[in-house]
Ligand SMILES: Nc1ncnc2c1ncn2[C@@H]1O[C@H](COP(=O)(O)OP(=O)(O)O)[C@@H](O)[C@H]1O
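Below sits a lone chain in structure tokens, taken as the form predicted on its own.
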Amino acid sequence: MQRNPMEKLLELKDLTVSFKNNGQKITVVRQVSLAVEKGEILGLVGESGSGKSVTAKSILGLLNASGKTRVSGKIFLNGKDLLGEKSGQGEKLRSRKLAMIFQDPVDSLNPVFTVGYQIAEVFMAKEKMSKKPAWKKSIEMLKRVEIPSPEWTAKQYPHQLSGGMCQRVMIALALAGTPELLVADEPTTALDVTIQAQIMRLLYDFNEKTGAAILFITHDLGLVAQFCHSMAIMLHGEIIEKGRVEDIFMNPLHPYTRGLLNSIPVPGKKERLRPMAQDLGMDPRSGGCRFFNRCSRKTNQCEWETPNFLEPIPHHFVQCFNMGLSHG
């Protein structure tokens, strides 16, 4: 499906998320600015603990229930600031426009209701359907995500289904709400390669047929290369590089991005993989580059001065003083 590269569906501006732990403030997402265009598939890439899932939950409004959590900045959806809306209005916008697929589908589904009923609930709530037609629609959704014997599956509880089947149910739940943006948080984690490919094809078909955008969160660069239009690299709660997929794969500018790509095995390539230095955890410094402790190209400037986002190549942004230097 054709997409307009100038229309922003979701835009984050200086999104910052912090938690209180034993009286101490811990910032896990720091001034993230990112946009997802209408119809776009954007891959958000980073190691475990880099802040990807926290960013996603902030967008969905899943972090605001606790007084120990603070979310600041701007989250624009179709130009409306979800954090600045009056009480309840942001939640209504999210419920109409957004949907999420979690990385652990079995735990994300309600264990005391059948999967068919959980999908039917979406139609009863959003389209004011009665129970019988909503149940019929839920079976149609299970067929749409290629679940075998959908009438039988609809009557099963989540614990009676495999992880791959539960992930299909989660996708059916998301599609039932006809979202404009689908947030997929590592949707293929712990699935075998065959099931992983099937799930990715379902998501790709959803994007192609409906024009809905997808924020695809993963640490698998191979999936990003095959599936996404653009990508953003996250490190210790910050975006350090973003641009079109082909641009970043062909010409990575940040030393961390280069390190990630150098660690991917390539069939037929005899050169040994080059691992990055050990991650020492979240850096407590308020300034400086988040990759400082692991970068072999660092300078004194990198330790205390935070690099600005630059656009050295059109549509390719990087936060680095030493961009373009290979990571050795």
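Residue numbers here begin at 1 and follow the sequence given. Just so we're clear, the structure is a prediction, and the values are computed from it rather than from any experiment.
There is another form of this protein, the form predicted together with this ligand, and it is not shown here; the text below is about that form.
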| query | finding |
| --- | --- |
| Touches this ligand in the predicted bound form: residue 28 (any heavy atom, 4.5 Å) | yes |
| Residue 54 within 4.5 Å of this ligand in the predicted bound form, heavy atoms | yes |
| Contact test in the predicted bound form: residue 58 vs this ligand, heavy atoms, 4.5 Å | no |
| Contact test in the predicted bound form: residue 19 vs this ligand, heavy atoms, 4.5 Å | yes |
| In the predicted bound form, segment of 290-298, 256-264, 44-52, 31-39 with a heavy atom within 4.5 Å of this ligand | 44-52 |
| Sequence-ordered residues of 201-218 touching this ligand in the predicted bound form, heavy atom within 4.5 Å | none |
